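Take a look at this single chain, the form predicted on its own, given in structure tokens.
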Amino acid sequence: MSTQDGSQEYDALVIGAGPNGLTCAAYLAKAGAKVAVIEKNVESGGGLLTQEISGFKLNHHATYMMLAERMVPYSDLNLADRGVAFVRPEAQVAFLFEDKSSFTLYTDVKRSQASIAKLSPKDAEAFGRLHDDFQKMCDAFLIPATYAPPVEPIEQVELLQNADKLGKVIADISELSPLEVIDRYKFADRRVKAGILYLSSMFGLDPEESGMGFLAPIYVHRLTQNALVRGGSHQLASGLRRTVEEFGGRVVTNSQVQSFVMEGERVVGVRLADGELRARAVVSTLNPEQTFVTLLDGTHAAPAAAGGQGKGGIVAAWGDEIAELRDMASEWQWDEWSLFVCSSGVVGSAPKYEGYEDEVNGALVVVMGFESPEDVLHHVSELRDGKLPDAIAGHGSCLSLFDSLLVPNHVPFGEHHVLRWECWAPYRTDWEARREAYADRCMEKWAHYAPNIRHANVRVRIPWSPLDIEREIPTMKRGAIKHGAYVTLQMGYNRPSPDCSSYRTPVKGLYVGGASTHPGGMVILGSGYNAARVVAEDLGIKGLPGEDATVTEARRKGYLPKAEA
């Protein structure tokens, strides 16, 4: 329906059509709410970005799905029926070393242990213990907590400590760094420890950051259960968007929100370049700076009794509480480093790792350049200092080995493959001048281990630096793939701040639900899922699925608070 001035009115408006924005909107639309999603870019999906060039489908950003079918929205929203399928290779990640030794981790822990045992039988046993411990932690608490609102840190620790032995262990490791957690398993072989440490840090987590130990089980365990979205990562975004639209929601692309619309002290809509959209609730999935500085500073309002729009900005008009939000956003800590990715479409054979055991040729991820834990820590130290590491190290994937939909199917000659190189990189580098040369160095590093890729006919190559990530996905300032650093004061109940930890903000009618809220970044859809449930509760919208069974079980065991009656 339309308001008197012709603007559109909704139950909820969602700013940002990334994974969390689409998830939030899909739940609300399916429950019968009138919903619209506003997206600045011409295409929805955010980090779920797949570009097709000459028949090659390149995932420029999100590629490895750590939770895949275990994401609660995957089943709740029937995404399988909307064309979203996952491919999960048995050989998950291989680690190559200069002396031609290697080991491979599989979805089957016994196969992983057999591979590690060739280097160190003792470490094979240690990995078995680590795997079992990490799986239990993920299943019992860490994954269920993804799909529940965060709990105040002191209360959460007390819950875990009082629950059972496993809860005490989780509470204990949460105080540690990822490195300290891995040290507990006393890996003897430097190569094995280097590989496990790299997995714990693969997506930009500082292995020496205290208070982040609880993320080590999530990353290490889930990165041995990794999957690809069949047909390219954007298929997941397409499935979510189809759900929104199937239930009557709108996705408005190529349209940027300029400010909020206020009536009194309440957000009642958003202002676009060509008009206004109004709603009972507005959910921002942008980063804190965009939401609480850019949009709030551009918003003008006066108390409702005065009528109309005032001349003063909302921050000036409403005192300390709003000013504190603005200060929090202005001081938001961004990641010290991000990712450099080089995606290529080639005519030629898949990488063949000469001199290595054949099992590594079929691994989804192949890690190269880290010979010891000290190598990993030195690499991170350089990044922490803002340096582009001297030594090239990272991982490569031949994605088309596992998904034939990523390569041209109309060309009758030659093998076609999609290659993806990924490594850590700082934001503050002259990427305009260095991008192509750095991509050359990365591909030469890969060719050092797989010489045959030097002979491939490169049909398309797209390097992406942290600067390119920021340009394409502005919510990821400084290339921050998680919308902000993972440090103690920006996690859980503190993400983005205690005042917003419930997905509600001190500004009436304004909610948050992006990667800068609990549970954070990566494609796990938790923030959008949690925000949708809060908005539905506040607006009296019925019809959302009940709480996921894993969350209910975590409450029963005492890991999470009991549900309110």
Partner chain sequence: MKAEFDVIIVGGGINGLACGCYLQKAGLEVAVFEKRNECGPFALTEDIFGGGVPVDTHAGVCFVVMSPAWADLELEKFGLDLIIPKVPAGTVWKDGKNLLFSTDPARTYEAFARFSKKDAETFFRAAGSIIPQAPEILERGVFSSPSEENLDFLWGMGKHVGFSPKDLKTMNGFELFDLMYESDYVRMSCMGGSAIGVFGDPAEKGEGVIMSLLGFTLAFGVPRGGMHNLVHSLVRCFRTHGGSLFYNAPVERVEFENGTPRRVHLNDAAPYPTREFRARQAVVMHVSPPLAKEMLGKDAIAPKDPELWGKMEDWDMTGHCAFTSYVLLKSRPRWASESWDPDVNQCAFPLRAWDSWDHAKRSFQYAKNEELFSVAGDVGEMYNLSSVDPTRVSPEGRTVVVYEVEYPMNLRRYGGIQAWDNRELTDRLHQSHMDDLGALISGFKDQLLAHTYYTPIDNWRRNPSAIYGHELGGDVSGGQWYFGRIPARSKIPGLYFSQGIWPASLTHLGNGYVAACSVAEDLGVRKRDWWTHRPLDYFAGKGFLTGGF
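Positions refer to the first chain, counted from 1. Quantities reported herein were computed from a predicted structural model and do not represent experimental measurements.
The same protein has a further form, the form predicted in complex with the partner chain, not shown here; the description that follows concerns it.
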Checklist line | in the predicted complex, the residue from L405, A117, A323, A437 that sits within 4.5 Å of the partner chain by heavy atoms | finding: L405
Check: Which residue, R495, H221, H416, R191, has a heavy atom that falls within 4.5 Å of the partner chain in the predicted complex?
Finding: H416
Notebook entry, point to check: Among C138, Q161 and E553, does every residue place a heavy atom within 4.5 Å of the partner chain in the predicted complex?
Noted result: no
Checklist line | Touches the partner chain in the predicted complex: E432 (any heavy atom, 4.5 Å) | finding: yes
Note to self: Is A279 near the partner chain? Define near as a heavy atom within 4.5 Å, in the predicted complex.
What the structure shows: no
Next item on the list: Report whether the minimum heavy atom distance between G83 and the partner chain in the predicted complex is within 4.5 Å.
Entry: yes
Next item on the list: Considering only heavy atoms, tell me if T505 and the partner chain come within 4.5 Å of each other in the predicted complex.
Entry: no
Next item on the list: Within 4.5 Å of the partner chain in the predicted complex, counting heavy atoms only, one of 168 to 176, 441 to 449, 202 to 210, 227 to 235 shows up; tell me which.
Entry: 227 to 235
Note to self: At 4.5 Å, heavy atom to heavy atom, what parts of 23 to 62 sit next to the partner chain in the predicted complex? List them in sequence order, or say none.
What the structure shows: V42, E43, T50, Q51, E52, I53, S54, G55, F56, K57
